[in-house]
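Take a look at this single chain, the form predicted alone, given in structure tokens.
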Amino acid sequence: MAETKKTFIDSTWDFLCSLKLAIILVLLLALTSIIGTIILQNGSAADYIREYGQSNYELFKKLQFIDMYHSSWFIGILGLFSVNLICCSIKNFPRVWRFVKQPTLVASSGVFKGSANRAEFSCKETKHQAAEQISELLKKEFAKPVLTEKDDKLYLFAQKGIYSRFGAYITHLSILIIMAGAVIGNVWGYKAFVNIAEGTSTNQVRPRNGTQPIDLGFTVRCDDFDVSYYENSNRPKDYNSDLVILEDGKEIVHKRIEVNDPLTYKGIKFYQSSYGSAGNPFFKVKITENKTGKVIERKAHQGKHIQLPGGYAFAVTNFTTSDRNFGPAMQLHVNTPDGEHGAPFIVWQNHPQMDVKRGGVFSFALLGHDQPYYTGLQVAKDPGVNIVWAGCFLIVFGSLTAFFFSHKRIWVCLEDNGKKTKVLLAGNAHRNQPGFSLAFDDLQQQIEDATKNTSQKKEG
């Protein structure tokens, strides 16, 4: 008989359903993910040129290695892998569905003779009495058995864990859901950043790739920023920001965020990421007119002249939070009424009386200082994250169902054998065969004991 030649459609279908294709695609995804781990993603051109050189940067750009997870070839691999999963499921699912919906209720003689788990014995009860007794045992261990009468024989069939057959398909579905969530997050989500100075607000963020800014659809305001340092060190210990969400001029949400505790609003997360100085610091300065003893206080910004009585003026020209062992100190100078620039001198916050010894028209004391900061926020929107979480839950459930649960089946045949009833048992499981063999032996013993005990009671 001539072999039927496959059509192009049949060959394509077999290719898409191939296990070899699935293995190759999984290996490709694993290998290409290494590229995304080793090579910085979505960095600036300067970063790549500094790290790899101009020629390698141009090569990476052509191969789409610098934004690999959005590249056409990576998305193509994911798409082909998705098609492979779908085709495999379509090919095999109808057979499993028929297996579940139309189980073999009457086992053939080959099942009772060829099964790895089989038994045969006789009892004195009639086959209907034995069937009733065995049904009670099967109901406890499995489920209510199905009784079928055929060719003057009684057949019992019971099963347990039938839905474990669908574990693999749940796993396939979960992988597709996770990939769908990832694609949704990549297409409709973004990762961006924004710097907001204290007391200011913004309604836009800038994506990492440096394209046009993104409108948030609401306003974010930074009311305050705090940073604390380790003792005797400029190393930051903790920093956090007071953020307010506004819509139509109304405050909607107010939260103090810190590292690993973001603010979330309308699916957009604001993470505390960095900080920096937003302009020069300002100082609270006490000025004493030495001749009259008159005291005034002024707020001074670094580099700006502040007017004093009599046409004098002063300006803070430098500042440090720690001048040797004297603590915070500012450098300033005083201008005379005719504009002559005075010699600079230092005032220490922790030693306010020291400037009196300098002499001059005025003496100065530093009461406090404040450095305005901006808060650096990482902004992330991922509309697919809940879909990914749902897929992760399903993949755990599907894997547990597929690998840790087993579909177990038991067939029983009862037939007249003279004045006795011949009992045939057969069973199988598609997972954990050694464990099922032990359970089958135990069930066989229970059935034999139950039928013997029943017979002895009737004889007695």
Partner chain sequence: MDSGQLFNLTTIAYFAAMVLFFAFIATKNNTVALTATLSSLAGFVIQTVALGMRWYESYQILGVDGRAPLTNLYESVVFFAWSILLIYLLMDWKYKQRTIGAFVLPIALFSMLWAQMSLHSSIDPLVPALQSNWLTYHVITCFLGYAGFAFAFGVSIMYLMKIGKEEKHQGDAPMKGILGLFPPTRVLDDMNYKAIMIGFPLLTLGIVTGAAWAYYAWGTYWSWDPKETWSLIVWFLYAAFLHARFTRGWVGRRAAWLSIIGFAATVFCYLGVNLVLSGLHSYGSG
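Numbering follows the first chain given and starts at 1. We call the rigid core the largest set of C-alpha positions that still match within 1.5 Å between the two forms. Computed from a predicted model, the values in this text were never measured in an experiment.
One more form of this protein should be noted, the form predicted together with its partner chain, which is absent from this view; the next part is about it.
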Hey, of 389-397, 408-416, 52-60, 421-429, which bit sits against its partner chain in the model of the complex at 4.5 Å between non-hydrogen atoms?
389-397
Partner-contacting position among Phe74, Phe166, Tyr155, Tyr373 - heavy atom within 4.5 Å of its partner chain in the model of the complex:
Phe74
Its partner chain: the contacting residue among Tyr239, Phe282, Phe142, Tyr265 in the model of the complex [heavy atom, 4.5 Å]:
Tyr239
May I ask you to check whether Arg235 falls inside a 4.5 Å heavy atom distance of its partner chain in the model of the complex?
yes
Just checking whether Ala182 would be counted as a contact of its partner chain in the model of the complex - the rule being heavy atoms within 4.5 angstroms.
yes
Does any heavy atom of Lys255 come within 4.5 Å of a heavy atom of its partner chain in the model of the complex?
no
Does any part of Ile175 reach within 4.5 Å of its partner chain in the model of the complex? Heavy atoms only, please.
yes
Residues in 240-272 that come within 4.5 Å of its partner chain in the model of the complex by at least one heavy atom, in order, are Val259, Asn260, Asp261, Pro262, Lys269, Tyr271, Gln272
I want to check Lys191: does it shift between this form and the one not shown by 2 Å or more at the Cα, with the core superposed?
yes
Spell out whether the Cα of Gly76 moves at least 2 Å between this form and the one not shown when the two forms are superposed on their rigid core.
no
Could you check whether the CA atom of Pro145 moves 2 Å or more between this form and the one not shown, using the rigid core for the fit?
no
